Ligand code: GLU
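This document opens with one chain alone, in structure tokens, the form predicted on its own.
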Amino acid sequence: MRIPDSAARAPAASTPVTRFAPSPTGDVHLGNARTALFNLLLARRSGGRFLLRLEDTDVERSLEVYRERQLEDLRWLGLQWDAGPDREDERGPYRQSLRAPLYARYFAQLAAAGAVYPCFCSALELEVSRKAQLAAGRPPRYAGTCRNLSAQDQARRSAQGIAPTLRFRVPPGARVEFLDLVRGPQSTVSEEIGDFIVRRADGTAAFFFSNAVDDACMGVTHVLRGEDHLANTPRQLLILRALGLAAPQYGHVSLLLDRSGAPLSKRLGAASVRGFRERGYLPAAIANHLFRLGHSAPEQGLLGLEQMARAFDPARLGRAPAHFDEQQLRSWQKEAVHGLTPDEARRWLSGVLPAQLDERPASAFLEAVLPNVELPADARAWAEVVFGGPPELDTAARDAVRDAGSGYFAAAVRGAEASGNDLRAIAGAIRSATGRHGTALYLPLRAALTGRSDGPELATLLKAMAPREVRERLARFAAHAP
């Protein structure tokens, strides 16, 4: 028996419906975020709908705190869904923990058709069977121990208090075929699958079942997901065919690997969206980097989500694993920072700037430092220089100040007293008194005012300083140089 792609595919829709279906067992990592982004773009490129579904049937590991954090981080990335757990419609609810009655009806339908059977095998029995198959050089598959139990045997084991799982009866001699959006034609024979669990012993739906049923009932037409799910697809197509439900078109995207070659996971907090967000990375930088990981597009430069949607094409998704590289992310971060408006930049650096800072010094500070920073941590040191007390001089700065001498700084103080924090006027007073010019004129000023021999454009940086602070910093060296 062949189960071709056409027998299990959803009917062609005028607009695609895609989804992202995380489990709330941890923060969204970058691999998950890329999957969500690709599904959003696939929907938006044709004016379709993007759904968010929480697969929270793992009662022990699914936590409300992660549900809230996942939704918050996805919103922060700009991934807006058309329906989800916070935006219900007639296809919901969009939390699997609330869909048990629906699953019960479909379990009953499978039972009535003889497509499932109760399995009383213990975890120990299954492990012994698995090891025996491996020892014999065979791939581990369920041995079918309970497949043909009589009704009397089933009743006797139930009477012993054994809570059974429910297994799908995979038809023998079947070949499941489908066309993968990324990997092309796929074919699997049923002997490679084995009967699998669709309902756990505690009565909750297993992933194979709930994921497939929800996609069908929510009208999902296209699913992009990690290649680690490729082996799941034949099982899900078998379930949907047995239930008479339409299946989406599946596309299995290459995994996102870290520098060591290991797949990114929720256990690696540094690879989470929240981790990068808390360090000050901008959503535009993360989205642009993810857009190009495993997806080739001719468009250059920083793109907005609408531009990404127009440029996105599943045919451009590669099959080779994609490697996350923070250096590349920092390049996108630099572009994103340079594109910030003054209001956006001030919000971005709100944790760095002093509270209640007036608009004028804040604007001057932002103008000075934004070309030189990628993350808020880079600006924090300069905020301490500008808005803190007199800075300590590094070695190069101390040498420059000593070489200039006290007369240089006496002239600088006179210039500051006359002009406040105007660099040109201060430098003019020094030039008239000392004849210095070029580096010899400006380097000691920078050193005395910032404690460093290099940094942001000094004239703009001075405008962020209070005139009194400028005079006091210069006056430190007017009597004697260090």
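These numbers were taken from a predicted model, which means no experiment stands behind them. Position 1 is the first residue in the sequence shown; the rest follow in order.
There is another form of this protein, the form predicted together with glutamic acid, and it is not shown here; the text below is about that form.
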{"item": "In the model of the complex, the one of Leu474, Leu462, Val17, Ala21 near glutamic acid [non-hydrogen atom within 4.5 angstroms]", "value": "Ala21"}
{"item": "Glutamic acid: the contacting residue among Thr165, Gln333, Ser272, Asn211 in the model of the complex [heavy atom, 4.5 Å]", "value": "Asn211"}
{"item": "Close approach of Glu55 to glutamic acid in the model of the complex, 4.5 Å, heavy atom", "value": "yes"}
{"item": "Close approach of Phe207 to glutamic acid in the model of the complex, 4.5 Å, heavy atom", "value": "yes"}
{"item": "Any non-hydrogen atom of His229 within 4.5 angstroms of glutamic acid in the model of the complex", "value": "yes"}
{"item": "His222 within 4.5 Å of glutamic acid in the model of the complex, heavy atoms", "value": "no"}
{"item": "Among 413-421, 22-30, 450-458, 437-445, the region lying within 4.5 Å of glutamic acid in the model of the complex by heavy atom distance", "value": "22-30"}
